[in-house]
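Below you will find one chain, with nothing else, as structure tokens; this is the form predicted on its own, and questions on how it binds or moves follow later.
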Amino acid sequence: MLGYEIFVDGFAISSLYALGAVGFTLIFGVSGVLNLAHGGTMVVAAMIAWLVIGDLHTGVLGGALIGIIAAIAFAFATYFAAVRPIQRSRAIPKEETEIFILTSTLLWGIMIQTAIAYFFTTNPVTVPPLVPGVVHVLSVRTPSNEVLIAVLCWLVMALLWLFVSRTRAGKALLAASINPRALTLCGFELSRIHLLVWAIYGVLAGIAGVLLGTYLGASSDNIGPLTASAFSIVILGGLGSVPGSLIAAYVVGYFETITAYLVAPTLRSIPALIILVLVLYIRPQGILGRR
């Protein structure tokens, strides 16, 4: 029975990680940015959803939508405040731009964590579930909301795949991740492509954040562990590899779930860091990465 519980719970949290990691990977693949404020984006979405549902009585769906919009706004704030000024700076050598952006997004994430703790609370808050009740999955009593979370995550990722593979804008995103210079020669503006990918990232991270808030809750203290998990996932999967990130999300998610069940819930983020260190030593390019 315990094994079934780990399987069911691990699938839900892994699906959430996969959704968040896809956005994280998309940002790096298209614009070359490792966004270390990723956890902040997810927590902002959950916090805003919790706030408006409780104070403005918008209902769960209305609160979730406002939370996602807040995540999009935060994603753009990250881009314009912590990324774009460094990319355009003439004082920073081009070969050092990536490390400056990495540091900038890390500090931005710390600032947001402090702001959330000051203006909201350091205590975990829980967004009301999207659907009530329980169902039986593999003889395990599972909240219906948990099942819905996994379904929604995969539905959103399927819609993203359709967008990338079937639309002109989506194909431009794919081309930008392969050969941005050739894309500009075809008449596309990279600045607009970057704005589009940050908007998509905000949507994905916002949905993942709101769903996380309905499942495990969220607090300012979650920002670091969420970023660490996402960073570990993209490193394990291979930088810029979406299929690799999906595989890695389930590896990390299940390791964390096993740790939470068999060791202690407070230590659930430790396996992600251990996996990160091992991958850097054994296979730096990740599962499906090429660099």
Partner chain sequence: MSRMGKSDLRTSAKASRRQVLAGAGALAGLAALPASVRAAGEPIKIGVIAEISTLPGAAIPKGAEIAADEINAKGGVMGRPLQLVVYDNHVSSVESVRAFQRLASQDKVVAVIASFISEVALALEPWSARLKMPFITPGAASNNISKQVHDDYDHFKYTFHGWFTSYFIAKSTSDSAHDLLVDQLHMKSCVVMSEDAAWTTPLDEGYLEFLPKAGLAVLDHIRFSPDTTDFTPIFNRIEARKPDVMITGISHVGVVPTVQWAEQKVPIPMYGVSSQATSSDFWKDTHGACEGVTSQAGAAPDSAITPRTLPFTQSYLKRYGLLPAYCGYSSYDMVYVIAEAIARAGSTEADKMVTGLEATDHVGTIGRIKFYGRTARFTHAIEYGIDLVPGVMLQWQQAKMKTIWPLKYATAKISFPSFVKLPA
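Residue numbers count along the first chain shown, from 1. Because the structure is a prediction, the values reported are computed rather than measured.
Keep in mind that the form predicted together with its partner chain is not shown, yet the notes after this line are about it.
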Listed residue (103, 121, 87, 184) with a non-hydrogen atom within 4.5 angstroms of its partner chain in the predicted bound form: 121
Option from 73-81, 163-171, 209-217, 195-203 whose residues, in the predicted bound form, bring a heavy atom within 4.5 Å of its partner chain: 209-217
Proximity of residue 272 to its partner chain in the predicted bound form, heavy atoms at 4.5 Å: no
Contact flag, residue 94 vs its partner chain in the predicted bound form, heavy atom cut 4.5 Å: no
4.5 angstroms heavy atom contact with its partner chain in the predicted bound form for residue 59: no
Residue contact check: residue 251 to its partner chain in the predicted bound form, 4.5 Å heavy atom: no
Its partner chain in the predicted bound form: contacted by all of 5, 128 and 260, heavy atom 4.5 Å: yes
Contacts with its partner chain in the predicted bound form - residues in 50-88 whose heavy atoms fall within 4.5 Å: 50, 55
